[in-house]
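Let us start with two forms of the same protein chain, each given on its own as structure tokens and named structure 1 and structure 2.
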Structure 1
Amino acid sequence: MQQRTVLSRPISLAFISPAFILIALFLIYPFFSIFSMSFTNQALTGAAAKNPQYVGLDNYAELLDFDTWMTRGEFGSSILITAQFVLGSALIGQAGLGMSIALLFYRRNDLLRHLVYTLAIIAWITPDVVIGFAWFAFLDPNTGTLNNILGLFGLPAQDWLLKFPMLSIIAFNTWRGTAFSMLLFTSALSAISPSYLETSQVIGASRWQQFRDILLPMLHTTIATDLILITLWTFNTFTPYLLTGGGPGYQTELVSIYTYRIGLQNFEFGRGSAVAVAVMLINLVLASVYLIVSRARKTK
């Protein structure tokens, strides 16, 4: 069956081609380059620098050496840390808080709303380097703002980054990234006709029932989209490095930081690449799970 589309196939390909070229050059080519490097012992220094050898699956075997991989500073441990980080800061933190803000200000257009939205968006668009300083000052063990505030309530000062490193970077990343989910949910909510809620109010549904029975089902595609995006981004974010450097004692060594340490600090490119490929696979599985779950619910 023929269907006239606005763009014929050759023309639509022409529209896509600039993007395709850049993506091929700067995403797909690097990926394959990483992929092939992951089977070598390529490094910056030592004998392998000049003549990298093909080492088969050695790099992967090393990552997945089940005797050691869960020790601090090893691959398995960093994946586990990353999983906690994603759960805490992306799923609960960003998505949860973002949704709450969107709901709290649903169909409100007052000063408080503008204030919260603007501040959240500032936290989102301020450059990494600056944010690093801000939070460093915020969490400073001696004179940091957080400790000063706690002091007002008579609570003792803490060295947050040393004592609660994981909690700190989760709070940090929630603070940093909530704006995206908030904006996404806000637009989705604003696209829902108010008459749906009014109808249910007439029937006498409680607020919670309205949310669960009316809004949630309608937001369901948006939620899937949001979770996919922020999971992928959070999984691969490097910014917490600015706060903790992965420490203390590898406690906050996210897999992105682990990759950085292996690849760019130890200059073991081959191993670093294997980590990147493994991360890619894990992300692929995660994204597929979200997509499949959301499809299954859509067709149900």
Structure 2
Amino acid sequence: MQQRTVLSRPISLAFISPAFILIALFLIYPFFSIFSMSFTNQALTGAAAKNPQYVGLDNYAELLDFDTWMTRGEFGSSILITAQFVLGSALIGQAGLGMSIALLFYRRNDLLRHLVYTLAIIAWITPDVVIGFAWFAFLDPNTGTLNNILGLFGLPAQDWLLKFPMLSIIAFNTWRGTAFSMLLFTSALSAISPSYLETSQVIGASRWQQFRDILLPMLHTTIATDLILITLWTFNTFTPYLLTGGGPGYQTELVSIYTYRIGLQNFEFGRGSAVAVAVMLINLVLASVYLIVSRARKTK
């Protein structure tokens, strides 16, 4: 029999210490630094830049001021806009489209399947800046590809980013991130035995009945995992800033863009830190839901 070599505790600690140092340096320290800064009026300019004062919960009180909560450009409005964005591009767009593509090409191995999957993955792995400028050119009101296509059918050109800013960034983010849901559902479908569908076909079940009574029950944990993960990613995405900058008139100012504007454009570091802490708490809730779902999935 081969003997197992067990490393001593000092050697084990020596192996994990580099990872712990990096985690402490880039995660733990920034978290506590931002948390402590959120109780000050720290700024880049003015008197608060040199001598920041402790203001207690004033930043959080201003953030949660319900008199101005839903005013455009305030935190509450950004939360609502982000919720609409997540619902449209993540829950309906990416999850729905990803599942539809996976079901459409389920048990197929033809050229069209490889082409669609390749294009979706390319859209997913291409750098954000490249994708952002490509879509900006695609939606350009004067020479954009979309308006040129509409012109072929006699339809009028539109200034998409001005008239339909939310719809534009939802379409952009859906196109950008559908590949993840598509691959996740494809993997889950490949694990389902074909005998279930073959048996249902023999007894005369329609495609809708096969999906409703066979595939959907077997995919419910995958659906939950997919929805939670893309919700987290979409909630924190900053890429739409490349298209709209949060405008026009704060109509597309997601929470991530709001945080950037307060902290890095207005240089209100204290207030921006309070926003960041609030966003971290929201992410903590979403991540906790994901962990609970994952644990429930493993116990089945």
Partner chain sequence: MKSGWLARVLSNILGVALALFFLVPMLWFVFAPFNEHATLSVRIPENFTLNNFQVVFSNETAVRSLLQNSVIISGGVMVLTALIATLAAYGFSRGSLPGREIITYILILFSSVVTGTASLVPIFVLIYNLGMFNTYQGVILATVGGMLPTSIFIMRDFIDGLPRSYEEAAMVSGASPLQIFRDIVFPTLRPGVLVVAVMAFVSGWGAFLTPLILIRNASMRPASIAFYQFYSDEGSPNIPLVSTYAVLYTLPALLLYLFINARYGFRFFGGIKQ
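These figures come from a predicted structure and were not determined experimentally. All residue numbers here follow the sequence of structure 1, with the first residue given the number 1. The term rigid core refers to the most C-alpha atoms you can superpose between the two forms while keeping them within 1.5 Å.
- It is structure 1 that shows the chain in the form predicted in complex with the partner chain.
- Superposition of the core reveals a Cα shift of 2 Å or more for residue 28 between structure 1 and structure 2.
- In the core-superposed comparison between structure 1 and structure 2, the CA atom of residue 286 travels 3.5 Å.
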